[in-house]
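This document opens with one chain alone, in structure tokens, the form predicted on its own.
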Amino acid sequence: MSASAVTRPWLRRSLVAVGVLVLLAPVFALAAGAVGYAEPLENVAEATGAVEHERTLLGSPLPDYSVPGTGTVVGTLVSGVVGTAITLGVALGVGRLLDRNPDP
């Protein structure tokens, strides 16, 4: 990321907003656990019996938004940071590609 990109006001505000959301990720996870929230697709799979036939094609490096061997809060925070960084990197890369001026 270049210095001029960081000085753009919208980009700086966006990075601050993303950082705040990442820091709040464990709060959302704890709140979801407190109210017994479950993923809607998991509920449907259990209700229809599809869970009995599930197969894992690719293992996840961060299963259930956690890091194996860490606590819930730390795992969720690390998952949030990693996921946000990957998403932000892809979005910035695509934005940079789309922002290219075809006429030099």
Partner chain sequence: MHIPDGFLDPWVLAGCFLLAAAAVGVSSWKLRGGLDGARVPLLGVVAAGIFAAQMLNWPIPGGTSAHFVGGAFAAILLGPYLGCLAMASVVVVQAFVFGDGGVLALGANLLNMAVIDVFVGYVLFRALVGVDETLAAFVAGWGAITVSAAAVGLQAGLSSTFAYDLGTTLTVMTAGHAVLGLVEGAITVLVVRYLVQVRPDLVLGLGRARATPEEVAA
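Think of the rigid core as the biggest set of C-alphas that the two forms share within 1.5 Å after superposition. Numbering follows the first chain given and starts at 1. Worth saying up front: this structure is predicted, and the values here are computed from it rather than measured.
Note that the form predicted together with the partner chain isn't included here; everything after this is about it.
Q: Is residue 63 close enough to touch the partner chain in the model of the complex, meaning at least one heavy atom pair within 4.5 Å?
A: Output for residue 63 is yes: heavy atoms within 4.5 Å of the partner chain.
Q: Does residue 70 make contact with the partner chain in the model of the complex, using a 4.5 Å heavy atom cut-off?
A: Output for residue 70 is no: heavy atoms all beyond 4.5 Å of the partner chain.
Q: So which bits of 77 to 97 sit within 4.5 Å of the partner chain in the model of the complex, heavy atoms only?
A: Heavy-atom contacts within 4.5 Å come from 79, 80, 83, 84, 86, 87, 88, 90, 91, 92, 94, 95, 96.
Q: With both forms fitted on the core, give yes or no for whether the Cα of residue 41 moves by 2 angstroms or more between the shown form and the other one.
A: Superposed on the core, residue 41 moves its C-alpha 2 Å or more between the shown form and the other one.
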